[in-house]
Every structure is written in C-alpha cells, then in structure tokens.
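Take a look at this single chain, the form predicted on its own, given in structure tokens.
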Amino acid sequence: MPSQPRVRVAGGPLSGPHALLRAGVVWEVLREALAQRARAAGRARLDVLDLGGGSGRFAVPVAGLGHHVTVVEPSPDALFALERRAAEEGVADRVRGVQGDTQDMLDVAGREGFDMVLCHGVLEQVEDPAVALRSVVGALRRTGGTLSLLAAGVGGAVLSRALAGRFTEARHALEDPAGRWGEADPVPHRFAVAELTSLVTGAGLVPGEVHGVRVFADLVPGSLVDTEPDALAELIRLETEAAARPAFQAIAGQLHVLARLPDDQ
C-alpha cells in the first residue's frame, strides 16, 4: 500500500487524506506568509491570533513553528480540547485560549497586538461580515499586520448541489445574495472572490494572494482515493495547482485570501 503524503510541521504532522485535502493548500500559504512576516519584523517569534480557532487545527501547528498563538473561541469544550492538544504536541507554553467571539474579541485579546490574524470559517457564520471583519482588523499591528481569511465559496455550493441532483437548490444558491441553497442551509453566508476581496478592501486591507480550497476534494469519491494507487498524491497535486487559477477558484468549496495593512498605516 503506497504511503500517504504528509505535510510536516514542527510540533506534529498535518496528515491523512482529509486534513491534507482540506487544509494543505492553506497551510502551505500560511507557513510561507509567517516566514516572510518574521523576516520583515526581524524576529523569529510572531504573535498570532486565531479567531474561532476551535481545538487548534491551525493554532497548534503555528505554535509548533515557534510563534505565540492566542485562540479566541466561544466554545468551552473546544478550548479544553485545544489545551489538551497543545500539551500533547509540547507547545502549551505558546498557546493561550480565551473565550470570546467577533463581538468581544478586542476586549479579550487586545487591540493592535498581533502580527497575523487567522480568520478561518468565521465570516460565513456572522450576521454582518463587514462589521466582523473591521473588528478583526483592529487586532492587527499597524506595521505589517497580515490577515489570513478563509471563507465558504458560493461556487462550490452550487456545483455540489447540482452534482447531487438537487438542481433547484443549486439554482437558489446561485441566485441568492448570501449564496444559500435554501431554508435548511446551515451556512448563513457564502462568497465569490470579488465579494470577499471587496470586504477585505472595505476593512482597510490590501488583498494579496487568493486561493481556491477544496476545488475537487469534496467531489471525488473517497473510495477512489482509498483504493487507487497514488490517487491521493495526485489529487493533492491537482488541488495545489488549481488553487491559484481564477477559473477554479470560482468553483471552490472555500476561498482563502491573504491580506495586509497598507504600508502608510
């Protein structure tokens, strides 16, 4: 049986088909952005805020790179799991969990104290994404502050509903301003690339790289990945190469934008 590709980070590997396919592209972009920011700041350790970071999917690997991470998370259970995961990976001294959300994040985490903020899977859940994003920006250091923004993509929802034979729901998601496929849709908002970058610009940031995430991963049968030799490795390569291409960003399940504060802040 062929070995599965692994994305290794200090403090533990990001491994397994689901983790690699769903987070591999984001992790590689994030790791390089952290390295660039550290070089520009002239210090090895950055202060990172992970908003809605849950049990530490990204926070713990980021801490494994040597950075200090504050996780703002509303769920006490997730914070307990975060503490346990950080301890297991030997980074408990670099991970701090505090209870909160977008409304009180600046009170519990502080203003203008972070080199980078991770806002992953948050904007699609809030009532007003523009207001929430402005609060997020308030946590960034005025010099060199960088945002990693990951949000649900509307094109991926349309495509997945159509391929499931739910054509009315696919059309509803296509036409709905919030990108929802119906009343039972658990996701309040989905975004197109132009809408997401417009929100970033409106919050006072300069948008940079955009990547499509889960372009194919949610559509390929798991049995194919599990049974075909080298299928997982090839699918990961395909995801990686398609991620930066606008045509495929338009049908991605998630969109990732890297943005920064202007130099004149």
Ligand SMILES: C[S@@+](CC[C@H](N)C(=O)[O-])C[C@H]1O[C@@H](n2cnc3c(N)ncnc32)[C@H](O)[C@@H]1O
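For clarity, every value in this text was computed on a predicted model and none was experimentally measured. Residue numbers here begin at 1 and follow the sequence given.
Absent from the display: the form predicted in complex with this ligand. The rest refers to it.
Novice: With the partner left out of view, is T102 within 4.5 angstroms of this ligand in the predicted bound form by any non-hydrogen atom?
Specialist: T102 belongs to the contact set for this ligand.
Novice: Do V213 and this ligand share at least one heavy atom pair within 4.5 Å in the predicted bound form?
Specialist: Because no heavy atom of V213 falls inside 4.5 Å of this ligand in the predicted bound form, the answer is no.
Novice: Is there a non-hydrogen atom of V126 within 4.5 angstroms of a non-hydrogen atom of this ligand in the predicted bound form?
Specialist: Taking the distances in the predicted bound form, the answer for V126 is yes, it comes within 4.5 Å of this ligand.
Novice: Indicate whether this ligand has at least one heavy atom within 4.5 Å of a heavy atom of P74 in the predicted bound form.
Specialist: Contact check for P74: yes, within 4.5 Å of this ligand in the predicted bound form.
Novice: Within 4.5 angstroms, counting heavy atoms, which one of the listed stretches 175-183, 88-96, 159-167, 74-82 is next to this ligand in the predicted bound form?
Specialist: Only one stretch qualifies here: 74-82.
Novice: Can you work out which of G121, G144, P188, G110 has a heavy atom no more than 4.5 Å from this ligand in the predicted bound form?
Specialist: Of the listed residues, the single hit is G121.
Novice: Looking at I236, L51, L199, L46, which is the one with a non-hydrogen atom within 4.5 Å of this ligand in the predicted bound form?
Specialist: Looking at the other structure, the residue within range turns out to be L51.
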